[in-house]
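One chain comes next, on its own, written out as structure tokens in the form predicted on its own.
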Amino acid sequence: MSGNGRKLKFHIFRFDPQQPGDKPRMQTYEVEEAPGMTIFIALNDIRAKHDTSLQFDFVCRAGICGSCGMVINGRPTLACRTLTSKFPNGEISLLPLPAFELIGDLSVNTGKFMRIMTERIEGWIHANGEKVNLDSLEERMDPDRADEIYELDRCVECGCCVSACATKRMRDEFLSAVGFMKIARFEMDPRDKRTDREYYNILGNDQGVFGCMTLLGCEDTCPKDLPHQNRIAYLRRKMLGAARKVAASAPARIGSP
């Protein structure tokens, strides 16, 4: 039983792309389970007692930083929030998150992806040239709107939604759910002065919300339970409205009825 000396078998992906001649492989380790053990705790045990070369990422150990995202028994999730007691047969396979540059073993470079994504969507408040007075009080905001923005700001950029997205796996340029959540967060912020047309230029195409196949792997795997389905549907409605405005303002073609 869990917590009474049960032996766990970890089958872990090993590959160091910086090591000449190294080849991808699965390596098995045995760990004695402890009460309340998480995958993160088990990985530290393996690195301390069995293999100091094992690479994986962590910072906060509390599901806040998003660093320990990995594929656990086929599901992208956070190692620090996954109890080993969830696996009754004690067999656990660990793989790095796909769709990201591999650093080594279970470590991937999500930061590079997130920076490119943020620059692409211009993920900051656009005040349209308005000067900010640092001595003034904060702008007042409707509490319900502030709560909606805070809900989306809970994204920890772990990359689980990106790895679970079939469209992203097929289209490298697809913005993916984490980008949609970031855009939705700024679109609903009254301090951001961008127009629907400006947002349409960012995500009103097949690389944006219209490329989403609505398989909802993002919502199924999000460790923060963010409303991906709701926000993607909202952005689609907004972008359809913006598309109609763009079409209505376009000059008529010669010879058109």
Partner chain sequence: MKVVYTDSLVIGGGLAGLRVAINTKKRGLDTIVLSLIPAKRSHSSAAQGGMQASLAACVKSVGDNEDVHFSDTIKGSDWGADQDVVRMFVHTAPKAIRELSHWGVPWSRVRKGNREVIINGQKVTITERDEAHGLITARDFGGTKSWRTCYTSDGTGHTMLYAVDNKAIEMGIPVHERKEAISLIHDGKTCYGAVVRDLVTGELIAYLAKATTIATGGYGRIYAITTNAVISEGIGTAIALETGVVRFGNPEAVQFHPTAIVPVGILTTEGCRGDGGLLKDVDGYRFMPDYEPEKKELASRDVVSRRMTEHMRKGKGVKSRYGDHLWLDITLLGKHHIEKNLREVKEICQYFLGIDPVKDYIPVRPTQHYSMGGIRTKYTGESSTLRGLFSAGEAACWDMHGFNRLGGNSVAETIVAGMIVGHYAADYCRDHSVDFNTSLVEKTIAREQKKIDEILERPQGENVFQLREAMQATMMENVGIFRQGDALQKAVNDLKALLKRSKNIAIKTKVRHANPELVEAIRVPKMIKVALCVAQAALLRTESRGAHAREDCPARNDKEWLKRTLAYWKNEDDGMPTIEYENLDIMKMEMPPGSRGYGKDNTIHHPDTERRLKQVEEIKKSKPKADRFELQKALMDFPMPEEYRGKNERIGVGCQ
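Please read these numbers as outputs of a predicted model, since none were measured by experiment. Numbering follows the first chain given and starts at 1.
There is another form of the same protein, the form predicted in complex with its partner chain; it is not shown, and what comes next is about it.
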{"query": "Residue stretch of 228 to 236, 195 to 203, 58 to 66, 209 to 217 approaching its partner chain in the predicted bound form, non-hydrogen atom distance within 4.5 Å", "finding": "58 to 66"}
{"query": "Candidate spot D16, G123 and E138, all three touching its partner chain in the predicted bound form (heavy atom, 4.5 Å)", "finding": "yes"}
{"query": "is_contact(A99, its partner chain) in the predicted bound form, heavy atom dist at most 4.5 Å", "finding": "no"}
{"query": "Its partner chain contact at T52 in the predicted bound form, heavy atom, 4.5 Å", "finding": "yes"}
{"query": "4.5 angstroms heavy atom contact with its partner chain in the predicted bound form for F186", "finding": "yes"}
{"query": "Heavy atom of V108 within 4.5 Å of its partner chain in the predicted bound form", "finding": "yes"}
{"query": "Contacts with its partner chain in the predicted bound form - residues in 147 to 172 whose heavy atoms fall within 4.5 Å", "finding": "D147, I149, Y150, E151, D153, R154, C155, V156, E157, C158"}
